[in-house]
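Take a look at the structure tokens below, where one protein chain is shown in two forms, each on its own, as structure 1 and structure 2.
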Structure 1
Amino acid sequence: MEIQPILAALRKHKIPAALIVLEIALACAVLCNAVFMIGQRISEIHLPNAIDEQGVADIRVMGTDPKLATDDVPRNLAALRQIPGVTAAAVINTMPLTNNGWNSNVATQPQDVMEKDSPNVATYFFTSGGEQALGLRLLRGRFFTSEEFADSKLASNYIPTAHVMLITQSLADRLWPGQDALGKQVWVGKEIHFTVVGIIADVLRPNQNGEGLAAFHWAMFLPLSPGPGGFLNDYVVRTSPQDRARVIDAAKQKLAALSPNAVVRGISFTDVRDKFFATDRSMIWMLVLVCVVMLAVTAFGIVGLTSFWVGQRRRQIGIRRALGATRAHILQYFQTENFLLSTAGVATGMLLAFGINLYLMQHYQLDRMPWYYLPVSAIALWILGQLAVLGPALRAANVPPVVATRSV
């Protein structure tokens, strides 16, 4: 089919044509970014976390005297380990996905610690048995020894005095790409460094640090013996999934009895995870609704404007039919016309989508949108346009040749 007659007809209907192009461009821009954001949120929700999420529970004790922690923590841990079904227990400074993060900038050289591109890492301290209580998975090296736990006290700078640490695989890859991190030094300050004794499977940090999904697994673990300070408030209790609810209730009762003036709360880690990602789930449904509404508005807009055109062109269509044009020719004419309008809208929409993505990157720390979102959205809008124009085009194809004579 020749395109020139179609372009000539569109030039006579500039406003309706511009409206369709603008509508498709806006749909393309919104669809690209919305689908990209949905993909990101889904990726976050399904990020792996190498702890025993189904068996771990967090019992938090608040309001105790920090000066008595040296005696209170071992007493509380002994009580928790006596509960039937508890396989391990320890105390930790914070738990993953709790939005209560301890973070430090680290480097492989002391002079690089203060550099702005030094990775920001979640810092976990736990007492003896923490590896078993969390269910950490060792990939290389070893866990901490009992001597390393006993010798590690909290210094005045809130850093344990032990000089050993465990790091996640993602952090090891970030600090020493392509190298083995075992035995390497990690500097937390210009005069504070730790030796990596073990590489563990990726554990999520308490919160994001704004450096993308890869940084969500940057974490280090340090040994610590109970001591005064009052920040070791999270008791990690591990049990089987079927005993979890009963163990949480028993643990709360035991710790409340041992510290009558304290506030004791217990929660399973599965509930911690659900709570952390609740906002992301809401946003996914909202963005899905936006996409559906945008596509529906675009489709109905194409149907409405094309139907209006068909009504205005009945005499022209009748003349074409009288001159020998078949129904297939009329159908092809409107489909080609819609394809040209969709192509103009998609091209404009791609530029608009790229601009919106840059704005979101600068102001909302969104990642750069991969290029393949653009052609996928373009194909979707081309298909949508062809489906939307099909009804009016079929009505146009059914216009009989006699219409041309009636209009004379």
Structure 2
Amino acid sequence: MEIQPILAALRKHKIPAALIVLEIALACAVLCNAVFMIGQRISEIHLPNAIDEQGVADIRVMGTDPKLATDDVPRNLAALRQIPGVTAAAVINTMPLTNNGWNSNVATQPQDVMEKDSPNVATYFFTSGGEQALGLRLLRGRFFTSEEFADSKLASNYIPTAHVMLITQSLADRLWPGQDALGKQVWVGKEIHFTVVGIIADVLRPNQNGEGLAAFHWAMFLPLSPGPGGFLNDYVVRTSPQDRARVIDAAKQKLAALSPNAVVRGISFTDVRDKFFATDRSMIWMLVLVCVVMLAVTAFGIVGLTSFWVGQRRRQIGIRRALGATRAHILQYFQTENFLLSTAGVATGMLLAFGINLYLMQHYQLDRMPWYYLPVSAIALWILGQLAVLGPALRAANVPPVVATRSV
């Protein structure tokens, strides 16, 4: 196919050509960024969380006397463990993805705790058996011993008096990149530190801290024995997925009977997760809708402009046909023309897409768009252009050669 005559023809129709290029550029820029945002949210929704998500339920008791918690908690746990189907139960300060977070800045050296870039970490405290109740997966080291649970009370600074902690793999990598975190010290305040006794698979924190997806897995776990305070309200109950609904009902009834003045609520962890990501899910659907409609609108534009163009050049096509051009030649001509325009559009669009991405990175804490979005969206827009031009091009190819001899 000769490109020279196409370029010459385009030069004579600057405005329609420029419009198609602009249209594709704008579509490419918006599309790249929208698809990128969709991808980011999907990966967020599917972030791994190394607890037994299918089997865990959270029963919360509110409104009991904080002074009596020392006696209430063991009594309630004993009652929960008696429910058929319950394999483990413990009390925890808060659950992942509940938006109720206990966060601390930590460091590997005491003087670094107050530094600006010290990682902000979610803190979980649970009572004996919490690792089974949650289904934590130990990667290295060990879980807590019964003495470590018994010796740990909540101090007035809201930090347990324990000396040991479990941390997630992601936090270990953040604090000691390339080193073994086992046995090292984590400082939570200038005077408070804990020894890492175990490294566990990544567990999500109660809420995202605005520090990007990497920080979503920064969590530490401390042992705690039931004591006065009244903040240990979340009973984690583990069961098999098929027993879960029945166990939640039974647990709610039992705990309500034990604390008649309290409010008892129960929720399965899968519901907690669905609730947490509900807004992201609705945002994804909205972005998908926008992309689809925008592609459709762009395609309409291309169809409209090309058909107008074909109509305008009926005589020219007729002459070419009369001079011996085959239908395939005419079809090819319009498709090459569209390919050239699309390429110009995609090239402009990529620059625009990167510009928008840079702006979003600065203002909305978005990550850098990976390079492969550009070829993918370029190919998508090429295909779209070729499909849009197909109808008008076929009509052009069907122009009979006699048109050339008429009315000249």
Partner chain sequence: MFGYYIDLAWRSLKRTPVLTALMVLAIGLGIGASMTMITVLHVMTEDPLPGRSAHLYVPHLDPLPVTYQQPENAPEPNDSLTWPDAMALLRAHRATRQAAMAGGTLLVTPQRANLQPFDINGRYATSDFFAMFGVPFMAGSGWTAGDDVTHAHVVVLAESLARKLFGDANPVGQTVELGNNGSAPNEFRVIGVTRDWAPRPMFYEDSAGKPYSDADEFFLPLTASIDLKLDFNGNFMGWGRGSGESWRTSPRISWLQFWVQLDTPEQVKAYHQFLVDYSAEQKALGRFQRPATNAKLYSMMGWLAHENLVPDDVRLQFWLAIGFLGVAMLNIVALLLAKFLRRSSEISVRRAMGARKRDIFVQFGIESALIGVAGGLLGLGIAQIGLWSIRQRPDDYAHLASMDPSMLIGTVLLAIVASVLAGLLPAWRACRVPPALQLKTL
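Take the two forms, superpose them, and find the largest set of C-alpha atoms that agree within 1.5 Å; that set is the rigid core. None of the values given here were measured: they were computed from a predicted structure. Throughout, residue numbering runs from 1 along the sequence of structure 1.
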property: Of structures 1 and 2, the form predicted alone; result: 1
property: Rigid-part match between the two structures, Ala347 vs Leu204; result: no
property: Smaller rigid part, angle turned between the two structures (C-alpha superposition) in °; result: 11
property: Core-fitted comparison between the two structures - CA shift at Gln386, Å; result: 3.1
